[in-house]
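Next come structure tokens for two forms of one protein chain, structure 1 first, structure 2 second.
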Structure 1
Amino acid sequence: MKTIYVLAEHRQQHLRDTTWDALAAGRDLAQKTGAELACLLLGSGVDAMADQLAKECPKVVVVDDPRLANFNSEPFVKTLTGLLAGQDSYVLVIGNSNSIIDLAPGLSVALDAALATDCIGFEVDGGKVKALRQIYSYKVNALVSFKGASRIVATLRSGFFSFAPSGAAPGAIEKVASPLGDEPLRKRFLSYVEAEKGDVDIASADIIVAIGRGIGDEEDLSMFESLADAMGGVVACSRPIVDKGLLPKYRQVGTSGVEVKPKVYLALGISGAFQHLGGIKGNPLIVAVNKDPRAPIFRAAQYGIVANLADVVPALEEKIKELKG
């Protein structure tokens, strides 16, 4: 493998967390294969973001074109095809977000490249790259080979790759002319619709008490709110709680909700599906309470309690208040 490429994702002139996930995965692959590492940044007026990326990547390739200012899969596919079509040995790593989920399939066809989506890891065997994916409702990890393919496009599941600053010298920034022609685009960006703003911003909370389906038919959330107050945190939830109308959407943690970066995450009655865990960023202390000992949340948690919430929550609050004096 000659080159590991990482596609930078940005929104409104800010790099998204998926970019750093992809850079972490790309850096690891480059070390394992001995390949070069380069970041691809498509956009308009992106010099500041290019400088950010150059601090962590040895090479940043920039295509500056007004038609790339906001994500649109059509010009992105054409631009990336123009950049990569003449190369015969690479892996292109893309963060898997709702914004660019339609990019990878069309791009793999345009490039005649192998495609692996929703990857949670990579291995290198005899110089060949293999992708780790989960199948059968995420119960089985499968190591996928590419049958000797030398051009690979891979998307990543959020939350499985941990980025850390390299501390290396800044990399080179190479500006490339846009390969987009004058032909009109069939798709166009209209506008962003901002998510609902609430009275609590869980994205900035250091301590989160999250509740899930395991609270049953309980509609009185005062027990959980009281615990959150004692801990100095806020109450959040998984999707079933929002579906029941117990908490608003802006309290939902997950890939279809809000991404959070707490220091402590207390998961109460949450099963731990990847859609929920994908919304938890950084390296928080995760404590899980669930009556099902096989709940996937226990695989992500540093500490776990198998018990009924009604037995644990009041006792935990009492102990916290006792320790606080």
Structure 2
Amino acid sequence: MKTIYVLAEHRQQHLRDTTWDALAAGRDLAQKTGAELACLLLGSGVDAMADQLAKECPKVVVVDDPRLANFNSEPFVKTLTGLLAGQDSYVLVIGNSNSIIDLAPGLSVALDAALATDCIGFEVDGGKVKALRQIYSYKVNALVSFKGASRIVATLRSGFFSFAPSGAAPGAIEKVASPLGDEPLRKRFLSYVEAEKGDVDIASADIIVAIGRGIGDEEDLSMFESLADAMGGVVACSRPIVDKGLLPKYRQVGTSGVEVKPKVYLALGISGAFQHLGGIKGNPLIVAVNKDPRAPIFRAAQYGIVANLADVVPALEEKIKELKG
């Protein structure tokens, strides 16, 4: 590979953490393949962000255009296709996020590149890049290769690439004229919409009893509410519980829900998908009850019980009440 490109992600004039994940992975890949490393920064009024990146990356390519202020995939794909036209032999790494889910697949087609989404690692084998990702409900690891493709787009799972500031000599900032023409966009950003606030704020709870799809078809949540009461905590949940309309969105823990930072997190019938775990901050004690010993939640938890919820939850509540006296 000749070049490892890193696409910087930003929102409301700030670089997002995904950018640093991607830069960490990019540095590592550049070193292992002997390729050059360059950041791509597309936005509007991005000088401050460019300076920030230039402290960590030898080259920063900047396109400044008001149509790139928000991560609207249409102008982003067009601009990136313009920037990379005619180039070969590169890997473009991008930290995964909900904006990037919108962008990367179409971009890979426009670039005629091979795509691997949500990678958790890379291997370089005889100069060839391979990606590690997870499949089958994130329970199985897969090593994928790119059939000798000379253009690769890879998006990265957050938390798997850790960035260490290098403090190296300032990189070069190269400003490139926007390749966007005058044709109107067919996809137009209108506004951001904030989430509704609810009657409880799980973000500030110290003790959380979180329920997931493993509670089954039962619509009566009183067993879990009464356990949470006994513990002095609140009930939160994974996404499928909100999707089913059993609890409101402001009770959902995860990347697209609420970030919580409790002292204790009890996960009941939750598999532990990374989008869920991504909402649990501050290293709490995590305890999980799940009937599947291979559920990813047991990797994040300190203690676990492999059993049916129905056999555990009432006994747990009873014992807790007993201990409280």
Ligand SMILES: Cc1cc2nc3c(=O)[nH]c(=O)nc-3n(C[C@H](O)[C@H](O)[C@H](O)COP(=O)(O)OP(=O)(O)OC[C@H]3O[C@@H](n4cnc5c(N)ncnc54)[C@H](O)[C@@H]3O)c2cc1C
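Counting starts at 1 with the first residue of structure 1 and goes up one by one along its sequence. Note that the rigid core is defined as the largest set of C-alphas that superpose within 1.5 Å between two forms. This one's a predicted model, so the numbers in the text were calculated from it and none came from an experiment.
By the stated condition, namely the form predicted on its own, the first structure is the one that fits. Core-aligned CA deviation for residue 130 between structures 1 and 2: less than 2 Å. Superposition of the core reveals a Cα shift of less than 2 Å for residue 104 between structures 1 and 2. Relative to the superposed rigid core, the position of the CA of residue 163 differs between structures 1 and 2 by less than 2 Å.
For residue 301, the displacement of the CA atom between structures 1 and 2, after superposition on the rigid core, amounts to 6.8 Å. Superposed on the core, the two forms differ at residue 265, whose C-alpha moves 9.7 Å between structures 1 and 2.
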